[in-house]
Every structure is written in structure tokens, then in C-alpha cells.
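Below you will find one chain, with nothing else, as C-alpha cells; this is the form predicted alone, and questions on how it binds or moves follow later.
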Amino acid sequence: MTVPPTTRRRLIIDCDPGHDDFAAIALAVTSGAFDIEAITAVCGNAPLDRTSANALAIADALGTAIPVYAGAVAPLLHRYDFPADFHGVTGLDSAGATLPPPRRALAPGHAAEEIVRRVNAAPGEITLAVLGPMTNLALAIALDPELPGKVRELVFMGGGLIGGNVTPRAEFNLWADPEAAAIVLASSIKTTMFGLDVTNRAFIDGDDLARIRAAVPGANPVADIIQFYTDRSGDVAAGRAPGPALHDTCPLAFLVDPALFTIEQLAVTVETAPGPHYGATDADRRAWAPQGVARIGVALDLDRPAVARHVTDALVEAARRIAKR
């Protein structure tokens, strides 16, 4: 896709790579729809040293010069063991070939400070795509309480109205730092949430993976990275889905083509009290929002085949770019 520079969206991606983060970054880079200002890393799927190294390796392997900044080393309050069961020890383990080592270093400075700096330099122009815990963005708002009014839009993967994937009620990204999520959702940023309601259905299947592998015969890090995630997917093993849910691709697919999703404006809160509902998202579907609770867009449905085509096309292109590196 070729998009004129004047219509491309200025974007910062905040992430914790992560196999689905990798697919999301590949979609953002290869779509041509964005001028990606920066990638900021946060602890989440793995410790910060791993997620920041993964983000840099992805950006570099795709042939970009996008600066990558390390951010929060821990959530605001919550502490937990990093979930190596799904993403492996590195956070981006592979079933075979791995990404080549990056040829450059992380950019100096903290991710939260960089978000503040870039948004203030272009008020009303920067979209934020948050694909992991919201710690970096919450810290940015603490540094500049006026920041929410200067962000063009926030899209994030997290939460869900149907239940959780780390507890019966809570989805991982918001459970990992619910206090940060509460700060962000209480702000005035125009926000759209992509929770498990849609992301569980954002899967690619065996035919899609075969296309990715066929794009580069022989060593193919993209196919092997997605294969590792497929092999670790409980839904695939149990026969509930024909392929892995690439959750983090949904916010980027929405920015590329909003018509792919059904969005409803709802009043959403995050549970921060200790207990079995810690990190859960609740939505008030009544016509009026409770006092002090902002309404945000909530994705409730998606065109799954179309999203899968976008994601598969992006991963095919990513495989070809990495092979030429």
C-alpha cells in the first residue's frame, strides 16, 4: 500500500514484544499508513531488558531507522512473574531461525519522557498505540498532566468484557498494571479499547502461516517466530482456534481500516482493589455515564478474515525484508 505522506498518521508504538507485538509492528511498518515517530518499550511479556532488546531487533530487522526507547522497568505497584509459558524466556522465542542482531543501540532517554517530548512538539498530531501494560503512558501523564489534551488518539490492546486470560476476569495487559490503566482511562484522551472480545478472534490459520513460510524458503525467522507462538497457544492445542490469536494487531488494523471493527462507546473502568477482580475491566452500557467515568470506544466485533489478510500480508512482507537484510 502506498499512502501519500500528507495523509499518513504520526504514530508512537508502546509495546512489550512479544510475538503479537512483533506482528503489530510489522503491520504498522509495512502498511505505509504511518510515520512511526518512535517505539517505546515497557516490561510486560518479559522484563524490560528483553522487551526493549526485542523492540530494537524488530525495528532494525524490518529495515527501519525508528528510534527505540526503553521505559518502565516495573509496574507502578503490581509485581508478578513474567509469563514465559507463552512467549518464552526472551519474550520473542522462535521455533527455529531468530531475528538478526540489531546494528544499532537503543536511543538515549526514558520512554515516558520521550512520549511527553514528542507529543508536546506536535500537539494534536500524535496517535499512541499501546500494546502492553500502560505504565509508560501513565508515567508520561504524571510528568505532564496536560498531555491527554495534546494526544490525537489512543488505541490500546487490553481488557475485555467477556472475561480474562490471566484470571477469570482480567486480561493480562491491564492486570499487569491496573493502576496505570486506571490513570489513562480516567484521562481525557480519545481512546479505543481492543480487548479479548475481539482479539481472541484475531487469529491467522495454517494456510496463512504456510504463506508466510513460502515467502522465504529456508531460514525464515518470521515463520519460525509465529510457529513458536502457535505451538504455545492453548486455543490451538485444544482445537478452539485454527491458529494463534495475534491480539496486538487489532489496534493497528483499526488505524489502517476502521471499517474492519464494530465500535461502541461505553463507560469503562478498571478494578484496582486487591482481590479476585484485580485488573478486570467493567463497562456501563447505560445511556448515561456515571460521574467521573469517561466513555471510550470499545471494539466488540471484527471482520476476522480481512484482519487476517492484513496481518498475513504484513508478515509476508516482513519475511521478505528480513531476508534481504
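Because the structure is predicted, anything quoted here is derived from the model rather than measured. Sequential numbering from 1, following the sequence displayed.
Beyond the structure shown, there is the form predicted together with a small molecule, which is absent from this document and is the topic of what follows.
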property	result
Three-residue site Asp197, Cys250 and Ala299 fully in contact with the small molecule in the predicted bound form at 4.5 Å by heavy atom	no
Exercise: Asn165 in contact with the small molecule in the predicted bound form, heavy atom 4.5 Å	yes
Contact label in the predicted bound form: Asn173 to the small molecule, heavy atom within 4.5 Å	yes
Heavy atom of Asn45 within 4.5 Å of the small molecule in the predicted bound form	yes
Val222 within 4.5 Å of the small molecule in the predicted bound form, heavy atoms	no
Options 210-218, 242-250, 102-110, 147-155; stretch whose heavy atom lies within 4.5 Å of the small molecule in the predicted bound form	242-250
The single option of Met193, Leu131, Ala140, Ile226 touching the small molecule in the predicted bound form, heavy atom within 4.5 Å	Leu131
